[in-house]
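Here we start with a single chain on its own, the form predicted on its own, put down as structure tokens.
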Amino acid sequence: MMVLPAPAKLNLFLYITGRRDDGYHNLQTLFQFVDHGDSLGFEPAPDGELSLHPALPGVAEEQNLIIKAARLLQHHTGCTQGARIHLTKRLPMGGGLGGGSSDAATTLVALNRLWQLGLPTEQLAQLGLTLGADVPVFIRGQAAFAEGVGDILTPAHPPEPWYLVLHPEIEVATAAVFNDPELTRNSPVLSLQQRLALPWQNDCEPLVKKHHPEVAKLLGWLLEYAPSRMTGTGACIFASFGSREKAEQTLAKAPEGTRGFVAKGCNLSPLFSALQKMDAATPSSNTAT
């Protein structure tokens, strides 16, 4: 079985710069990966069969991004092979960590190899974009400054600190945040250099704090230890620390009813680190991604 990670991402900053005629939003955000996330195992199956084990509670198979990604790759290439996919789910749903998008990206990259399709990374990224705006950054595997709907990516190299990520055990619906009339939609369009020189913010945070007091309370608590922000549309929040020990010490003090983890920031996705190790161990294997 081919086992690969589906890492979480953090939005180190997130600015909404406008709403498009099609209802989507233009934004500017800085994506970075962390070395924590879901894991997926892939093994061949006959006759185009696709199955996911275990199924995600409350998510119909036809709505699951893992199955949708696999079917998309089958249909795009005419591939008649199948796969049994095994999911170890660690990232919370509705947490702003990109878990579903990362699962979809890992599925596309893994099945491209398992089925020996040989699609280049850019083609996989374009396929991934039809599944969700965050999927391409996971497929390309490089920390990036993202513009447009999140699909225009410029490689970036922010510091790679230790992060404490906390989840207040609630889900925040991304669609509800972006459809809210009170959402800030007029942040100025700036260059990456200009953004890096200013204090980092998340335009979704004030709205989410208003409607989800659990997020506001947790942000206030974490702010006592380090500058804290929300990632994506929430509900997860995070702060950076100079050492793993300090992050873990803070996690140990987290309020009751809070889940969390400590992870290292990564400018190269752990997915691609795993693929590089796989290629080094089996140099004769198919290396197309």
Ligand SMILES: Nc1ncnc2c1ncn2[C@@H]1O[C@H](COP(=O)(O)OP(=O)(O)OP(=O)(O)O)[C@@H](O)[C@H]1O
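Numbering starts at 1 and runs along the sequence shown. Everything numeric here is computed off the predicted structure, so don't read it as measured data.
Just so you know, the form predicted together with the ligand exists too; it's not on screen, but the next bit is about it.
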Okay, which stretch from 154-162, 192-200, 167-175, 114-122 lines the ligand in the model of the complex, with non-hydrogen atoms inside 4.5 Å? 167-175
Could you check which residue among 226, 254, 59, 50 gets a heavy atom within 4.5 Å of the ligand in the model of the complex? 59
With the cut-off set at 4.5 Å between non-hydrogen atoms, does residue 82 touch the ligand in the model of the complex? no
Could you confirm whether residue 89 comes within 4.5 Å of the ligand in the model of the complex, counting heavy atoms only? yes
Please determine whether residue 234 contacts the ligand in the model of the complex, using a 4.5 Å cut-off between heavy atoms. yes
Determine whether any heavy atom of residue 134 comes within 4.5 Å of a heavy atom of the ligand in the model of the complex, and answer yes or no. yes
Residues from 95-116 in contact with the ligand (non-hydrogen atom within 4.5 Å) in the model of the complex: 95, 96, 97, 98, 99, 100, 101, 103
